[in-house]
Every structure is written in structure tokens, then in C-alpha cells.
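One chain comes next, on its own, written as C-alpha cells: the form predicted on its own.
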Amino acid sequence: MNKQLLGVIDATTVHDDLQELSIHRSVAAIPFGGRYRLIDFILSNMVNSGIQSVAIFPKFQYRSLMDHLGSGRNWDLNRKRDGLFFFPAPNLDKHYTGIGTLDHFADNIDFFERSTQEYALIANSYTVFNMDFQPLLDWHIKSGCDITEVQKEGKSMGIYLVKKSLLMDLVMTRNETGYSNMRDVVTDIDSQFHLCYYNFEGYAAMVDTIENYFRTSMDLLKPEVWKQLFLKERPILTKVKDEPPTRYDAEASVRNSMVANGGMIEGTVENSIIARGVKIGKGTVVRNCIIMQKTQIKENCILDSVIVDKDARIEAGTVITAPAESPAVIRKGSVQGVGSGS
């Protein structure tokens, strides 16, 4: 499979309902699970399936995405041949819709012309799942499909498998056909192509709202979900950071939570996801929360059903609670509480 499949990740998508988390970063770069970014899942799935060439097509706010991925070394994509490629949209005024925008591909058609792989796997950047694409490719070829859409319980997962030559035809004929993206192609009732649908049976969640970001994050605390996402034989890879283990004060209490390294916990943490370098002060209770990297929560605070973005500071004595179905969001770098003016 190594030489047959080209990975194409469409990172152009903007979800208005995720704006609180995507003001400073693309959706693909939103932190997830304490130490990951959303793009880590599709990118890891690709390299774990033997894909050696991956092209990423971002549009807005992609600096943090590039910083996270770097040369691709953590995904074994820093290669002399093939490897990791970035193709930012050259025209920010051009409106892209759907996964697999053919206009964006057209702006970089020479990349597809030079690629040696026979098939292309086109995917979104914000689905949390763990999938081996080898059986998909085998099934696609055996079934004689022109285009295969991966589905979960009958719903599109925004993942398409197609021969690269056909993809290039779709790009070059888009003005005649009216197709603007891969979704247009597979939903055309008059399509001339042999369209197939492949059902994925494992855990999968598309993160496109604050509510399902929160719900999907909390799913990580369920053993049955964890076992489907984090497999020894197909690990989810991410940017490596060398930090010491998190320190726990003698009075600290942590239950049913994920805690990344580099932090300091002196209070109580329950049913929460704590990212790298987070500090939680004495007497503070953090319950049903997602706390992102390098956030500081000082003494005697109460937080329940709150998403605290990176580098935020919660002043001592602050109380922030919200219903689980509509979690509160504290923006990146902001200060909340007494004396903050918030």
C-alpha cells in the first residue's frame, strides 16, 4: 500500500459553532485530549496505514497548525522522497465549501501530477477516530468502485477514496461539471461514476460544535471509547514535548481524569481533561472540565463544565459553572475573576 495511496487532508473548514476555540487557530489545530490536536487522528491513521506522502490544504489561521506539525518528524514524514506538504490557499477571498475543494486542488495541480501514488485518500481534519485504511483500499479495488465514501451508520464521514487520475479529471473539468468538492460528486443523482459507500464500525466523532467538542472529549474518559481510539498497534501520534511528570500536592485529589505532564495539581480534579503545564491551586475544584495547556487556576476556585483555552488565568476565588449540554468557554490567554475586569 505504501506506494499506492496519497493522503490529502482538507484543513480549510471553518465551523462557526467552534469559533470560541478557532479564533486564533484552524479547526485542525484545536487541542484535544490533553496532548493532541484534532489533526493528529487523521494524520496518524494515514501513516499507520502505510501512507508516506500527505498533503495538507489549510486556509485560515494555520500558523499554529504548521508549528504543531513542523517537518512531520513525529509522524515519520520528514522524508527525502514524499513526506509532508503544505499548500495554503493562495486566495483568501475565494470561498471554499465542503471537503476536497477542487479549486484549491487546481491551484496546486502540479503536486498531483508529480505524485507517484495511484490512489488518493481525501479526508477532513476534525474527525476523532482510529481506522486502518488498508481494508478500505482493498475493498475499493475489489468492488470496482470509482469513488468510495466512508460512512458511519449511513452518515458521511467526509472521507473519500478515488484514483488519482480520476481526481485530476474532476479538478480539470470542474467548470463543466459544476462540481466544487468531493461531496458534490458523490451526491449527484445523475453521476456517471460507480459510487460506493464503506461503513466504518468503530468509534468516530466529527468535532464541529462546542457541544460535541465537549462531549467527544468527555468520551475519552470512558474505557470502551479509549480502547477503540488508542491502540498499541496503531498509536495516535503527536508533537513530542519533553516535560517532567505532573506534580501532585499531598492534598490533591484526582479521579477519572486525564492529566498530561508538566503540571502542578494542589486541588481536586474530577472527570476532567488536563493538558500539559496546567497549574491548579489549593482548595480549587475542577469538575467536568477541559483545561488546556499552561492555564493557571489559582486557589479556592470552582469550575464545572468549563472549557478553558490555552494560557488562560483564573484568579483566586472564581466560580464558573455551566450546564454540561452548554459548557462555558474561557478564551485563550484571557484572565477571569476578581480584578480581571471580566
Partner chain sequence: MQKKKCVAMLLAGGKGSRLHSLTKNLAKPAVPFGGKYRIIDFPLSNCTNSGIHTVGVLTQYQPLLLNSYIGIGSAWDLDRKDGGVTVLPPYAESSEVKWYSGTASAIFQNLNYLDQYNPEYVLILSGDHIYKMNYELMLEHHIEKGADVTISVIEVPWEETNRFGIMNTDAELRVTEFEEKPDVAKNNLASMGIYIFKWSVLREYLIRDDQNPDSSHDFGKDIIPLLIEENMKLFAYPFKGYWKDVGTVQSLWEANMDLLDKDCELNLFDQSWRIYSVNPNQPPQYICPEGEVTESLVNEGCKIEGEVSRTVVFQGVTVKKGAVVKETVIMPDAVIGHNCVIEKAIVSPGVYVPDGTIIKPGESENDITLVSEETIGELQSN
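Residue numbers count along the first chain shown, from 1. In this text, all values refer to a predicted model and were calculated from it rather than measured experimentally.
The form predicted in complex with the partner chain exists for this protein as well; it is not shown, and the discussion that follows is about that form.
Contact between Gly202 and the partner chain in the predicted bound form is not found at the 4.5 Å heavy atom cutoff. In the predicted bound form, the partner chain lies within 4.5 Å of some heavy atom of Tyr36. Although the partner is absent here, Thr238 lies within 4.5 Å of the partner chain in the predicted bound form, judged by heavy atoms. In the predicted bound form, the partner chain lies farther than 4.5 Å from every heavy atom of Ile189. Heavy atoms within 4.5 Å of the partner chain in the predicted bound form map, among the stretches 116-124, 240-248, 82-90, 179-187, onto 240-248 alone. Screening Phe193, Phe230, Trp139, Tyr197 for any heavy atom within 4.5 Å of the partner chain in the predicted bound form leaves a single hit, Phe230. The contact with the partner chain in the predicted bound form, taken as any heavy atom within 4.5 Å, belongs to Ala260 out of Ala260, Ile99, Val162, Leu77. Although the partner chain is omitted here, in the predicted bound form all of Ala252, Arg255 and Glu266 have a heavy atom within 4.5 Å of it. Contact annotation for 208-222: a single residue, Leu221, has a non-hydrogen atom within 4.5 angstroms of the partner chain in the predicted bound form.
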